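Presented as structure tokens, the chain that follows is alone, the form predicted alone.
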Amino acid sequence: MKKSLSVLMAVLMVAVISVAFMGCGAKKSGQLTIGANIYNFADNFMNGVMKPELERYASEKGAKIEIVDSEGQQAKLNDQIDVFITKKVSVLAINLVDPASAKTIIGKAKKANIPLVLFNKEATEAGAMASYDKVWYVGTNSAESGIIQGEMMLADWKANPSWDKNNDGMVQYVMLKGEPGHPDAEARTKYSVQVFMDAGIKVQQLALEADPNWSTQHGNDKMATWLTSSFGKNIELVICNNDGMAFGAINALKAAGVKIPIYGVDALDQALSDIGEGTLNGTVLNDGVNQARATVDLAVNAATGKSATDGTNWSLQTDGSKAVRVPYVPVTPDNYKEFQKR
């Protein structure tokens, strides 16, 4: 009798343990999985701000996220999408390499019937977003960053007459541009200068150089070259499409012992320190933290069959773009400390 009871207890214990393991396995296999990428881990902003927050916030929301590096190659991203589809991820969160190739990515997601959230790089192809009912975009209003940067520069230019070295009433500037064709780079390049022209102040572009990697090394190398060029002594303003390139330009200016007003975009931690030290005159907060959170929120909702912004603080634009746009914020010597506290 005792032996039979012992055997029965052993069987029951095995059954309980088996059920427990089955339960854990079911929970694990049923976990929402986000297949994501960053267009290039070499990008200071994308890898240093957005990637960590995507990982942190996805974990907070109870989702698993796998983030791969597309290394600036559209073909590589296409292959990575195929792998995610094979793995049967719950939803895709994609940072386009080439905004003009959005239809390819959207087409892959549509064929696999997997929801898709594009982030930070907006599709530029007409009709791309309308081609699939389960695709959304999270990003910014690209023109806004250029306009805010321009307004900061204009106010400072008016407040500092000595910046006009030759007293000709014209702004002689050099521009460090980001990736050619990137909506943010194109808009920042255009609108930052347009603000001066709209205010009736003439501008002269002494040089412009683009960099697909938005890199600090590029900023350093080009600024160093410009300073030793025939127009080097005429540069009155350095405009940078992002903080990463501004860091390089600052290094070159320091090495040459030259002081020229310089502005960036992103409000990275180092940029805030540079503003405090007086080596950077201003930047624009590109709110990567909230872009990452909005991306995860929309992805989780889409994967669970809810409306994209259900239960969130985000709102889709009413212009048919199917986009959540996170606002930019000016960061100056007057308010940079507020952002250091975040």
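As the structure is a computational prediction, the values presented were derived from the model and not from experiment. The numbering used is simple: start at 1 and walk along the sequence shown.
Below, we turn to the form predicted in complex with a small molecule, even though it does not appear here.
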Exercise. Can you work out whether the small molecule is within 4.5 angstroms of a heavy atom in all three of Glu53, Val138 and Thr295 in the model of the complex?
Key: no
Practice problem: Using a 4.5 Å heavy atom cut-off, indicate which stretch of 65-73, 271-279, 304-312, 38-46 touches the small molecule in the model of the complex. | Solution: 38-46
Self-check item: 4.5 Å heavy atom contact, Asn242 and the small molecule in the model of the complex
Solution: yes
Quiz item: Should Gln149 be classed as touching the small molecule in the model of the complex when contacts are defined as heavy atoms within 4.5 Å?
Solution: no
Practice problem: May I ask you to state whether Lys121 is within 4.5 Å of the small molecule in the model of the complex, using heavy atom distances? | Solution: yes
Quiz item: Just to confirm, Lys222 within 4.5 Å of the small molecule in the model of the complex by heavy atoms?
Solution: no
